[in-house]
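Taking the form predicted on its own, here's one chain by itself in structure tokens.
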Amino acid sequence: MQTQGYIFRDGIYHLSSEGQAWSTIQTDVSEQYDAWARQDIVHATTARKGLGRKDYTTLVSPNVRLWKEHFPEGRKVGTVLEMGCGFGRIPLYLSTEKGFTCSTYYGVDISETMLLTLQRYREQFGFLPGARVVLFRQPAENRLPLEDTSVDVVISCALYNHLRKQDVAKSLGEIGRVLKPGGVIFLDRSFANSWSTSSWHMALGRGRIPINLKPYRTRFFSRSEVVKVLRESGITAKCPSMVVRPAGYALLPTKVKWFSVPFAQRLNQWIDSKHPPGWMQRFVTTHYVLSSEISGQPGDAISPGRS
């Protein structure tokens, strides 16, 4: 770990003026997420209103399909890096529901409010017991203060939807640099599908909003774009067991502006419960997620060279 260019305050490493400079857009995004987190931290993280509730179920319940269905039980690993860690929703779920433990956890987020809340929730809920927890406040696309090939597992949820495509490439390039050969990666709801019929209105409308007015707007990727950026980042070379899969399926938007689309929710639930044919998946996939196939018996460490 390299902390030159950082200031340690309140248990968090903050990127200092002597470190990598923040752009105007990065500063605006940081301030916006801090404001959202202070107002409703669940909504700021999951886009579902927390309504002031901060119980365990409210904090972890949204969008856990990838972790529930594909993350193995009872794994002990070395070093974990979470990009866009927020208030620790995913490690809270994995530690509590999957018995996941690690020796060192690095959390990276642009919001100081999120990181301070992660500290409080870890004390409250006791997740990742025994782990050394190190938190960095910095943009995801900036260089990570970690050594090459030093991380066993990388996790993230709903981060890369909100970065500019050139910044997605930079951040994934950093992951490719710090990930060990044979390492493991889980990126949930990271790439909104540009061909999705359920979000065409968002793709058309938000694409016309100037970047300086809404820098955190959703970006859309085709599956081929996802594969290309992963290959160019060096991740696929280090993590050959990684799979790009649909996060879920939907045919219609549930709302357009302020208007609800009749029967859309029921139809989408029906489609999501099925397995659409290949030709249809291109259009009904909502997001693409990445996950590695982790072999071995429960309790085994994930070591370099193993997939």
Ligand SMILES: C[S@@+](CC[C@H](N)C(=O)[O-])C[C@H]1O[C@@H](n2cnc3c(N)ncnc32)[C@H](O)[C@@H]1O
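All residue numbers refer to positions in the sequence shown, first residue = 1. All values derive from a computational prediction rather than experimental measurement.
The protein also exists as the form predicted in complex with the named molecule; that form is not presented, and the subsequent description refers to it.
Practice prompt. From the candidate stretches 146 to 154, 159 to 167, 122 to 130, 70 to 78, select the single one in contact with the named molecule in the predicted bound form, where contact means a heavy atom within 4.5 Å.
Written response: That would be stretch 159 to 167.
Practice prompt. Give a yes or no for Leu187: in the predicted bound form, does one of its heavy atoms lie within 4.5 Å of a heavy atom belonging to the named molecule?
Written response: It does not: once the named molecule is placed as it appears in the predicted bound form, Leu187 has no heavy atom within 4.5 Å of it.
Worksheet item: Is there any non-hydrogen atom of Gln138 lying within 4.5 Å of the named molecule in the predicted bound form?
Response: Answer yes; at least one heavy atom of Gln138 falls within 4.5 Å of the named molecule in the predicted bound form.
Worksheet item: Quick one: is Gly86 in contact with the named molecule in the predicted bound form, heavy atoms, 4.5 Å cut-off?
Response: Looking in the predicted bound form, residue contacts with the named molecule include Gly86, since a heavy atom lies within 4.5 Å.
Item to complete: Would you please decide whether Met114 lies within 4.5 angstroms of the named molecule in the predicted bound form, comparing each non-hydrogen atom pair?
Response: Because a heavy atom of Met114 falls inside 4.5 Å of the named molecule in the predicted bound form, the answer is yes.
Worksheet item: Check Tyr33, Ile90 and Asp109: does every one of them have a heavy atom within 4.5 Å of the named molecule in the predicted bound form?
Response: Yes, each of Tyr33, Ile90 and Asp109 comes within 4.5 Å of the named molecule in the predicted bound form.
Discussion item. Can you work out which of Ala250, Val29, Leu66, Cys239 has a heavy atom no more than 4.5 Å from the named molecule in the predicted bound form?
Written reply: Contact with the named molecule in the predicted bound form is made by Val29 alone.
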